[in-house]
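Below you'll find only one chain, the form predicted on its own, shown as C-alpha coordinates.
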(Lines give C-alpha, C1' and ligand atoms only; values in the text may rest on other atoms or scores of the structure.)
Protein backbone atom coordinates (compact mmCIF):
# COMPACT_ATOMS: atom_id res chain seq x y z
CA UNK A 1 0.00 0.00 0.00
CA UNK A 2 1.54 3.33 -1.03
CA UNK A 3 2.04 6.26 1.33
CA UNK A 4 -0.92 8.24 -0.04
CA UNK A 5 -3.38 5.42 0.69
CA UNK A 6 -1.80 4.75 4.05
CA UNK A 7 -2.28 8.42 4.95
CA UNK A 8 -5.94 8.28 3.88
CA UNK A 9 -6.42 5.17 6.00
CA UNK A 10 -4.87 6.86 9.02
CA UNK A 11 -7.21 9.82 8.54
CA UNK A 12 -10.23 7.50 8.28
CA UNK A 13 -9.45 5.68 11.55
CA UNK A 14 -10.84 7.07 14.82
CA UNK A 15 -9.30 10.34 15.94
CA UNK A 16 -5.96 9.96 17.66
CA UNK A 17 -5.04 6.77 15.81
CA UNK A 18 -1.47 6.27 14.63
CA UNK A 19 -0.49 3.44 12.28
CA UNK A 20 2.79 2.12 13.64
CA UNK A 21 3.19 -0.88 11.34
CA UNK A 22 1.47 -2.26 8.26
CA UNK A 23 2.41 -5.25 6.10
CA UNK A 24 0.74 -7.49 3.54
CA UNK A 25 0.22 -11.07 4.69
CA UNK A 26 1.23 -13.94 2.42
CA UNK A 27 -1.35 -15.82 0.35
CA UNK A 28 -4.60 -14.10 -0.43
CA UNK A 29 -5.13 -14.99 -4.10
CA UNK A 30 -8.74 -13.78 -3.81
CA UNK A 31 -8.52 -11.16 -1.01
CA UNK A 32 -5.70 -9.21 0.58
CA UNK A 33 -5.09 -9.26 4.32
CA UNK A 34 -2.89 -6.59 5.91
CA UNK A 35 -1.40 -6.78 9.39
CA UNK A 36 -2.16 -3.45 11.01
CA UNK A 37 -0.71 -2.12 14.28
CA UNK A 38 -2.50 0.99 15.51
CA UNK A 39 -1.67 3.09 18.56
CA UNK A 40 -4.70 4.74 20.23
CA UNK A 41 -4.35 6.72 23.44
CA UNK A 42 -1.21 4.84 24.36
CA UNK A 43 -2.75 1.42 23.70
CA UNK A 44 -1.43 -0.72 20.85
CA UNK A 45 -4.12 -2.55 18.87
CA UNK A 46 -3.28 -5.50 16.62
CA UNK A 47 -5.74 -5.68 13.76
CA UNK A 48 -6.13 -7.19 10.29
CA UNK A 49 -7.42 -5.13 7.37
CA UNK A 50 -9.16 -7.20 4.68
CA UNK A 51 -9.74 -5.84 1.20
CA UNK A 52 -9.98 -6.96 -2.44
CA UNK A 53 -7.11 -8.25 -4.54
CA UNK A 54 -6.60 -6.81 -8.01
CA UNK A 55 -8.98 -9.40 -9.44
CA UNK A 56 -11.52 -11.51 -7.60
CA UNK A 57 -13.92 -14.35 -8.30
CA UNK A 58 -17.42 -13.40 -9.42
CA UNK A 59 -19.02 -15.53 -6.68
CA UNK A 60 -16.89 -14.02 -3.91
CA UNK A 61 -18.99 -11.70 -1.74
CA UNK A 62 -18.09 -8.01 -1.40
CA UNK A 63 -16.45 -6.87 1.81
CA UNK A 64 -19.58 -5.24 3.27
CA UNK A 65 -21.46 -8.54 3.00
CA UNK A 66 -18.53 -10.53 4.39
CA UNK A 67 -18.38 -8.11 7.33
CA UNK A 68 -22.10 -8.70 8.00
CA UNK A 69 -21.56 -12.45 7.86
CA UNK A 70 -18.61 -12.21 10.23
CA UNK A 71 -20.68 -10.08 12.62
CA UNK A 72 -23.55 -12.57 12.55
CA UNK A 73 -21.22 -15.52 13.13
CA UNK A 74 -19.57 -13.69 16.03
CA UNK A 75 -23.00 -13.14 17.60
CA UNK A 76 -23.87 -16.83 17.10
CA UNK A 77 -20.85 -17.90 19.14
CA UNK A 78 -18.66 -19.04 16.26
CA UNK A 79 -14.97 -18.51 17.01
CA UNK A 80 -14.17 -15.76 14.52
CA UNK A 81 -11.95 -12.67 14.69
CA UNK A 82 -14.01 -9.89 16.24
CA UNK A 83 -15.29 -7.57 13.47
CA UNK A 84 -14.50 -3.94 14.31
CA UNK A 85 -14.93 -1.45 11.45
CA UNK A 86 -16.27 -1.39 7.90
CA UNK A 87 -15.40 1.12 5.18
CA UNK A 88 -17.54 0.93 2.03
CA UNK A 89 -15.83 3.98 0.50
CA UNK A 90 -13.44 2.79 -2.21
CA UNK A 91 -11.74 6.20 -2.27
CA UNK A 92 -9.92 5.61 1.03
CA UNK A 93 -7.52 2.86 -0.07
CA UNK A 94 -8.84 2.03 -3.53
CA UNK A 95 -11.40 -0.63 -2.52
CA UNK A 96 -13.87 -1.28 0.31
CA UNK A 97 -12.36 -2.93 3.37
CA UNK A 98 -13.06 -3.99 6.91
CA UNK A 99 -10.95 -4.29 10.03
CA UNK A 100 -11.07 -7.17 12.48
CA UNK A 101 -9.16 -8.05 15.60
CA UNK A 102 -6.06 -10.16 14.97
CA UNK A 103 -6.04 -13.69 16.36
CA UNK A 104 -3.04 -15.83 17.16
CA UNK A 105 -2.30 -19.31 15.92
CA UNK A 106 -1.44 -21.26 12.80
CA UNK A 107 -3.54 -21.69 9.67
CA UNK A 108 -0.98 -23.29 7.34
CA UNK A 109 -2.66 -26.56 6.33
CA UNK A 110 0.53 -28.55 5.80
CA UNK A 111 1.56 -27.82 9.38
CA UNK A 112 -1.86 -28.43 10.92
CA UNK A 113 -2.39 -31.87 9.36
CA UNK A 114 1.08 -33.06 10.40
CA UNK A 115 0.73 -32.07 14.02
CA UNK A 116 -0.50 -34.43 16.72
CA UNK A 117 -0.57 -31.68 19.37
CA UNK A 118 -2.14 -28.56 17.83
CA UNK A 119 -5.62 -27.80 19.16
CA UNK A 120 -5.12 -30.12 22.11
CA UNK A 121 -4.55 -33.15 19.86
CA UNK A 122 -6.26 -34.54 16.78
CA UNK A 123 -9.36 -35.88 18.52
CA UNK A 124 -9.96 -32.70 20.53
CA UNK A 125 -9.38 -30.43 17.53
CA UNK A 126 -11.67 -32.27 15.12
CA UNK A 127 -14.40 -32.41 17.76
CA UNK A 128 -14.09 -28.66 18.32
CA UNK A 129 -14.38 -28.11 14.58
CA UNK A 130 -17.57 -30.18 14.54
CA UNK A 131 -18.94 -27.88 17.23
CA UNK A 132 -17.90 -24.78 15.28
CA UNK A 133 -19.80 -26.00 12.23
CA UNK A 134 -22.87 -26.67 14.36
CA UNK A 135 -22.73 -23.06 15.61
CA UNK A 136 -22.43 -21.79 12.04
CA UNK A 137 -25.49 -23.81 11.07
CA UNK A 138 -27.47 -22.47 14.02
CA UNK A 139 -28.01 -19.32 11.90
CA UNK A 140 -31.27 -19.83 10.00
CA UNK A 141 -32.55 -18.29 6.81
CA UNK A 142 -34.96 -15.94 8.64
CA UNK A 143 -32.03 -13.96 10.10
CA UNK A 144 -32.76 -10.32 9.24
CA UNK A 145 -29.10 -9.29 9.38
CA UNK A 146 -28.43 -11.48 6.35
CA UNK A 147 -31.35 -10.32 4.22
CA UNK A 148 -28.89 -9.51 1.42
CA UNK A 149 -28.30 -13.23 0.85
CA UNK A 150 -30.36 -14.57 -2.01
CA UNK A 151 -33.25 -16.68 -0.71
CA UNK A 152 -32.80 -20.32 -1.51
CA UNK A 153 -35.19 -21.49 -4.26
CA UNK A 154 -37.68 -24.27 -3.72
CA UNK A 155 -35.48 -26.82 -5.50
CA UNK A 156 -32.89 -28.69 -3.46
CA UNK A 157 -29.46 -27.14 -2.76
CA UNK A 158 -28.03 -30.12 -4.63
CA UNK A 159 -29.87 -29.24 -7.84
CA UNK A 160 -28.95 -25.56 -7.39
CA UNK A 161 -25.31 -26.61 -7.16
CA UNK A 162 -25.52 -28.71 -10.32
CA UNK A 163 -27.18 -25.89 -12.24
CA UNK A 164 -24.61 -23.33 -11.08
CA UNK A 165 -21.58 -25.48 -11.88
CA UNK A 166 -23.01 -26.45 -15.25
CA UNK A 167 -23.42 -22.76 -16.05
CA UNK A 168 -19.76 -22.13 -15.27
CA UNK A 169 -18.67 -25.03 -17.45
CA UNK A 170 -20.88 -23.92 -20.34
CA UNK A 171 -19.27 -20.48 -20.19
CA UNK A 172 -15.72 -21.87 -20.23
CA UNK A 173 -13.40 -21.90 -23.18
CA UNK A 174 -12.58 -25.64 -22.97
CA UNK A 175 -14.78 -28.74 -22.52
CA UNK A 176 -14.50 -30.55 -19.19
CA UNK A 177 -16.09 -33.98 -19.78
CA UNK A 178 -15.04 -35.48 -16.43
CA UNK A 179 -16.62 -32.60 -14.56
CA UNK A 180 -19.76 -32.96 -16.65
CA UNK A 181 -19.76 -36.67 -15.78
CA UNK A 182 -19.57 -35.78 -12.09
CA UNK A 183 -22.43 -33.30 -12.38
CA UNK A 184 -24.61 -35.88 -14.10
CA UNK A 185 -23.84 -38.33 -11.28
CA UNK A 186 -24.85 -35.72 -8.69
CA UNK A 187 -28.01 -34.97 -10.61
CA UNK A 188 -29.02 -38.63 -10.51
CA UNK A 189 -28.27 -39.17 -6.82
CA UNK A 190 -29.14 -35.77 -5.33
CA UNK A 191 -30.44 -35.92 -1.74
CA UNK A 192 -33.82 -34.31 -1.05
CA UNK A 193 -34.12 -30.75 0.16
CA UNK A 194 -33.64 -30.45 3.90
CA UNK A 195 -33.48 -27.57 6.36
CA UNK A 196 -31.78 -24.49 4.91
CA UNK A 197 -29.05 -23.06 7.15
CA UNK A 198 -26.11 -20.71 6.87
CA UNK A 199 -23.17 -22.50 5.25
CA UNK A 200 -19.62 -21.18 5.46
CA UNK A 201 -18.87 -22.80 2.07
CA UNK A 202 -15.10 -22.79 2.59
CA UNK A 203 -14.77 -24.45 6.00
CA UNK A 204 -11.55 -26.38 5.57
CA UNK A 205 -8.05 -26.86 6.90
CA UNK A 206 -6.14 -23.77 5.82
CA UNK A 207 -9.01 -21.42 6.65
CA UNK A 208 -9.00 -22.35 10.32
CA UNK A 209 -6.64 -20.68 12.80
CA UNK A 210 -5.54 -22.98 15.64
CA UNK A 211 -3.06 -22.88 18.48
CA UNK A 212 -1.88 -25.41 21.06
CA UNK A 213 -5.19 -25.19 22.93
CA UNK A 214 -7.85 -25.13 20.22
CA UNK A 215 -9.52 -23.10 17.48
CA UNK A 216 -8.77 -19.36 17.55
CA UNK A 217 -10.54 -18.29 14.37
CA UNK A 218 -12.76 -19.51 11.54
CA UNK A 219 -11.62 -17.37 8.61
CA UNK A 220 -12.67 -16.36 5.07
CA UNK A 221 -16.45 -15.91 4.97
CA UNK A 222 -16.60 -14.54 1.42
CA UNK A 223 -18.44 -17.57 -0.04
CA UNK A 224 -21.03 -18.04 2.71
CA UNK A 225 -24.70 -18.45 1.85
CA UNK A 226 -27.83 -20.50 2.51
CA UNK A 227 -27.64 -24.22 1.86
CA UNK A 228 -27.64 -27.78 3.17
CA UNK A 229 -25.64 -28.36 6.36
CA UNK A 230 -24.01 -31.39 4.74
CA UNK A 231 -22.35 -29.10 2.18
CA UNK A 232 -19.93 -27.81 4.82
CA UNK A 233 -19.30 -31.26 6.26
CA UNK A 234 -18.59 -32.64 2.80
CA UNK A 235 -16.28 -29.76 1.90
CA UNK A 236 -14.30 -30.27 5.12
CA UNK A 237 -13.99 -34.03 4.56
CA UNK A 238 -13.19 -33.89 0.82
CA UNK A 239 -9.94 -35.59 -0.09
CA UNK A 240 -8.64 -32.45 -1.81
CA UNK A 241 -8.60 -30.67 1.57
CA UNK A 242 -6.78 -33.36 3.55
CA UNK A 243 -3.37 -32.22 2.26
CA UNK A 244 -1.96 -35.73 1.95
CA UNK A 245 -3.12 -36.87 5.38
CA UNK A 246 -4.87 -40.22 5.90
CA UNK A 247 -7.37 -38.68 8.33
CA UNK A 248 -10.71 -38.14 6.61
CA UNK A 249 -11.91 -35.12 8.56
CA UNK A 250 -9.87 -32.29 7.11
CA UNK A 251 -6.68 -34.31 7.35
CA UNK A 252 -6.89 -33.74 11.11
CA UNK A 253 -8.97 -36.48 12.69
CA UNK A 254 -11.58 -39.17 12.22
CA UNK A 255 -14.88 -38.74 10.48
CA UNK A 256 -16.63 -40.45 13.41
CA UNK A 257 -15.34 -37.86 15.90
CA UNK A 258 -16.43 -34.99 13.63
CA UNK A 259 -19.92 -36.42 13.19
CA UNK A 260 -20.39 -37.17 16.88
CA UNK A 261 -19.33 -33.70 18.01
CA UNK A 262 -21.48 -32.05 15.35
CA UNK A 263 -24.55 -34.08 16.34
CA UNK A 264 -24.07 -33.32 20.04
CA UNK A 265 -23.72 -29.58 19.41
CA UNK A 266 -26.48 -29.26 16.81
CA UNK A 267 -28.97 -31.88 17.91
CA UNK A 268 -29.24 -32.95 14.27
CA UNK A 269 -28.08 -36.37 13.02
CA UNK A 270 -25.51 -36.42 10.23
CA UNK A 271 -26.49 -38.32 7.09
CA UNK A 272 -23.26 -39.94 5.92
CA UNK A 273 -24.56 -40.54 2.39
CA UNK A 274 -25.31 -36.82 2.04
CA UNK A 275 -21.83 -35.92 3.27
CA UNK A 276 -20.29 -38.28 0.69
CA UNK A 277 -22.46 -36.69 -2.01
CA UNK A 278 -21.17 -33.23 -1.10
CA UNK A 279 -17.58 -34.50 -1.06
CA UNK A 280 -17.93 -35.25 -4.77
CA UNK A 281 -19.51 -31.84 -5.22
CA UNK A 282 -16.54 -30.31 -3.38
CA UNK A 283 -14.08 -31.71 -5.91
CA UNK A 284 -16.19 -30.40 -8.78
CA UNK A 285 -16.53 -26.97 -7.19
CA UNK A 286 -12.81 -26.70 -6.44
CA UNK A 287 -12.02 -27.76 -10.01
CA UNK A 288 -14.33 -25.07 -11.41
CA UNK A 289 -12.72 -22.47 -9.12
CA UNK A 290 -9.24 -23.64 -10.15
CA UNK A 291 -10.16 -23.23 -13.82
CA UNK A 292 -11.47 -19.74 -13.07
CA UNK A 293 -8.34 -18.75 -11.17
CA UNK A 294 -6.09 -20.01 -13.96
CA UNK A 295 -8.16 -18.02 -16.45
CA UNK A 296 -7.30 -14.82 -14.55
CA UNK A 297 -3.66 -15.48 -15.46
CA UNK A 298 -4.23 -16.80 -18.98
CA UNK A 299 -6.49 -13.86 -19.91
CA UNK A 300 -3.93 -11.36 -18.67
CA UNK A 301 -6.29 -9.96 -16.02
CA UNK A 302 -3.82 -10.80 -13.27
CA UNK A 303 -0.47 -12.35 -14.16
CA UNK A 304 0.45 -14.72 -11.34
CA UNK A 305 2.46 -17.92 -11.12
CA UNK A 306 0.25 -19.07 -8.23
CA UNK A 307 -2.91 -18.61 -10.30
CA UNK A 308 -1.33 -20.30 -13.32
CA UNK A 309 -0.28 -23.32 -11.27
CA UNK A 310 -3.73 -23.61 -9.68
CA UNK A 311 -5.10 -24.71 -13.05
CA UNK A 312 -2.80 -27.74 -13.01
CA UNK A 313 -4.60 -29.35 -10.05
CA UNK A 314 -7.73 -29.96 -12.14
CA UNK A 315 -6.68 -33.41 -13.48
CA UNK A 316 -6.07 -34.65 -9.93
CA UNK A 317 -9.52 -33.43 -8.90
CA UNK A 318 -11.04 -35.12 -11.94
CA UNK A 319 -9.36 -38.35 -10.84
CA UNK A 320 -11.00 -38.08 -7.41
CA UNK A 321 -14.36 -37.50 -9.09
CA UNK A 322 -13.93 -40.53 -11.33
CA UNK A 323 -12.94 -42.79 -8.45
CA UNK A 324 -15.93 -41.68 -6.38
CA UNK A 325 -18.53 -42.08 -9.12
CA UNK A 326 -17.58 -45.35 -10.84
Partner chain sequence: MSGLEQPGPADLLETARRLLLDEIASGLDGAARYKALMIANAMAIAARAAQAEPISELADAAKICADIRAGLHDDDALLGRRLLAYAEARRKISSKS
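Numbering follows the first chain given and starts at 1. On a predicted model such as this, the values are computed, not experimentally measured, just so you know.
Separately, the form predicted in complex with the partner chain exists; it is not shown, and the next lines address it.
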| query | finding |
| --- | --- |
| Selected contact from 176, 242, 193, 255, since only one has a non-hydrogen atom within 4.5 angstroms of the partner chain in the predicted complex | 176 |
| The unique member of 247, 181, 74, 135 whose heavy atoms fall within 4.5 Å of the partner chain in the predicted complex | 181 |
| Residue stretch of 115-123, 80-88, 182-190, 100-108 approaching the partner chain in the predicted complex, non-hydrogen atom distance within 4.5 Å | 182-190 |
| Heavy atom of residue 305 within 4.5 Å of the partner chain in the predicted complex | yes |
| Residue contact check: residue 4 to the partner chain in the predicted complex, 4.5 Å heavy atom | no |
| The partner chain contact at residue 212 in the predicted complex, heavy atom, 4.5 Å | no |
| Touches the partner chain in the predicted complex: residue 166 (any heavy atom, 4.5 Å) | yes |
| All of 309, 316 and 326 within 4.5 Å of the partner chain in the predicted complex, heavy atom check | yes |
